[in-house]
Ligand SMILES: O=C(O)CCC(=O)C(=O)O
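To begin, one chain is listed below as structure tokens, in the form predicted on its own.
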């Protein structure tokens, strides 16, 4: 049996992007998708909607675990367009937390100010510096102005666990209404306070969302993945799904799941200064955040 061909980690944050992300809790990258890619994702999204008997084109629709519903979405699990960013944060224990479709036609549906993730004891209690969930969003329709079901967020609010506006839909000083062209990609720190406007336009807002987290946080849209479906994935996709039968494997993944990726710069399977006597799966691997910290 031949050895697996390991891939280098995809490119991730530039210093400027990391500064924006850690300061605002949001990173916006316009032009991430080509027109052909947008069309391809919309076709897959429409297939998923058509296959669901509960889908009503006149009202808000959301469905989860989309990567298992269509092979076009399966490709997104480890797509280099976005994966390097979340790998920078979670490193070798990267996991896909959930994947979603959102369809917002003209209606009054909106949600209130809230952070994602845990509520009663927020993630920030345990990880005040880094987010324990990062959501990657692909915007498939043009949103040139407000009132189109826009995402609204309060820059820098990921540093606060409380808000007097929690569970209200008030417009507040400093908020930003996301107005982006189709093909944009955003990354949101899960602790960032946000809400969604009603869609008062005739444009049906269509989105893909993929949230990532450390492997030891429970999955958000599944218990386990279909074994037959897992067989259709490549090595990195299978690992990132973390469909383990032994619960403790989430904290200590099996030997064959290391390395997830080779180091982006060195091409090595572990840090260059590790003790070679230590088995590969037990070696400390520094994340980008750690590498940026003063020694």
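Positions refer to the first chain, counted from 1. As the structure is a prediction and not an experimental result, all values here were calculated from the model.
Below: the form predicted together with this ligand, not depicted.
Visitor: For the chain seen here without its partner, which of 72-80, 123-131, 168-176, 108-116 has a heavy atom within 4.5 Å of this ligand in the predicted bound form?
Guide: Careful reading of the contacts points to 108-116.
Visitor: Taking a heavy atom within 4.5 Å as contact, would all three of 97, 216 and 250 count as contacting this ligand in the predicted bound form?
Guide: Per the other structure, none of 97, 216 and 250 touch this ligand.
Visitor: Could you spot which one of 93, 196, 187, 210 gets a heavy atom to within 4.5 Å of this ligand in the predicted bound form?
Guide: So the residue touching this ligand in the predicted bound form, by this definition, is 196.
Visitor: Answer with yes or no whether residue 139 is in contact with this ligand in the predicted bound form, where contact means some heavy atom within 4.5 Å.
Guide: Although this ligand is absent here, residue 139 would touch it in the predicted bound form, with heavy atoms inside 4.5 Å.
Visitor: Taking 4.5 angstroms as the cut-off for heavy atoms, does residue 158 touch this ligand in the predicted bound form?
Guide: No, residue 158 stays farther than 4.5 Å from this ligand in the predicted bound form.
Visitor: So in the predicted bound form, is this ligand close enough to residue 205 to count as touching (4.5 Å, heavy atoms)?
Guide: Yes, residue 205 is a contact residue.
Visitor: Is residue 102 close enough to touch this ligand in the predicted bound form, meaning at least one heavy atom pair within 4.5 Å?
Guide: Taking the distances in the predicted bound form, the answer for residue 102 is yes, it comes within 4.5 Å of this ligand.
Visitor: Let me know which residues along 130-162 have a heavy atom within 4.5 Å of this ligand in the predicted bound form, or say none if there are none.
Guide: 135, 139, 151, in sequence order.
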